[in-house]
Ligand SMILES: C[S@@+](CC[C@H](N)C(=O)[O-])C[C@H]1O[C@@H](n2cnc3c(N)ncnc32)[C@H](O)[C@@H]1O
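What follows is one chain in structure tokens, specifically the form predicted on its own.
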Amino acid sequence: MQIPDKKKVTIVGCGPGDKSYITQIGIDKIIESEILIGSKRLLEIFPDVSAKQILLGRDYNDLVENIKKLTLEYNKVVVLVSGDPGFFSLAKILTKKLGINNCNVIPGISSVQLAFARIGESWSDAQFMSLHGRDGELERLTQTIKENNKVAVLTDDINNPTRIAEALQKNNITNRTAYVFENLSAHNESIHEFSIRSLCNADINGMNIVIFM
């Protein structure tokens, strides 16, 4: 189904977490929205927006069909995604299934951009991988780190920094420095520098970003 131009779905990148990192045009689109779709965490950033808020579910096929139906009734449907829509994001699925001509994508600041900024390093020469919800990628990541001087990794509870470090040590890759970023842009943000050996014994939980250099 072709969505009329005035009914394009707007996908807004909400940055690394703190509202202040969302672009002004993104904020404007959110304030103007009639329907606001996002995770619980992202919707909670905008408690005063008058739009009808819809919690993002796990079934993306249902989400796409719901969005198509909503555009028949509403002109301003906005979907919130974390970070930047072009970087390991739900936006990839939405633009593919809805058609890029039916979407208006507002970029955001990715957590990886902020991580590199925090340590004053360029990210133009880095390699990127996501282990978030992706089992079986440790071997490929190990090879990527072995072949590149700068690698940024998105982690999760299972594929965490400690597990990555153990895989690297098992493959005799120990001459790297690892920077672990927790809760970037939040009030409890923390950044830690480790050797591969010390990272094997570190107590780190949840989703993090790790830069290996």
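Everything numeric here is computed off the predicted structure, so don't read it as measured data. Numbers follow the displayed sequence, beginning with 1.
One more form of this protein exists, namely the form predicted together with this ligand; it is left out here, but the text below deals with it.
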{"property": "Which of 109 to 117, 94 to 102, 137 to 145, 67 to 75 lines the interface with this ligand in the predicted bound form (heavy atom within 4.5 Å)", "result": "109 to 117"}
{"property": "Residue among 184, 37, 178, 164 with a heavy atom within 4.5 Å of this ligand in the predicted bound form", "result": "184"}
{"property": "is_contact(residue 152, this ligand) in the predicted bound form, heavy atom dist at most 4.5 Å", "result": "no"}
{"property": "Contact of residue 209 with this ligand in the predicted bound form (heavy atom, 4.5 Å)", "result": "yes"}
{"property": "Contact test in the predicted bound form: residue 82 vs this ligand, heavy atoms, 4.5 Å", "result": "yes"}
{"property": "This ligand contact at residue 89 in the predicted bound form, heavy atom, 4.5 Å", "result": "yes"}
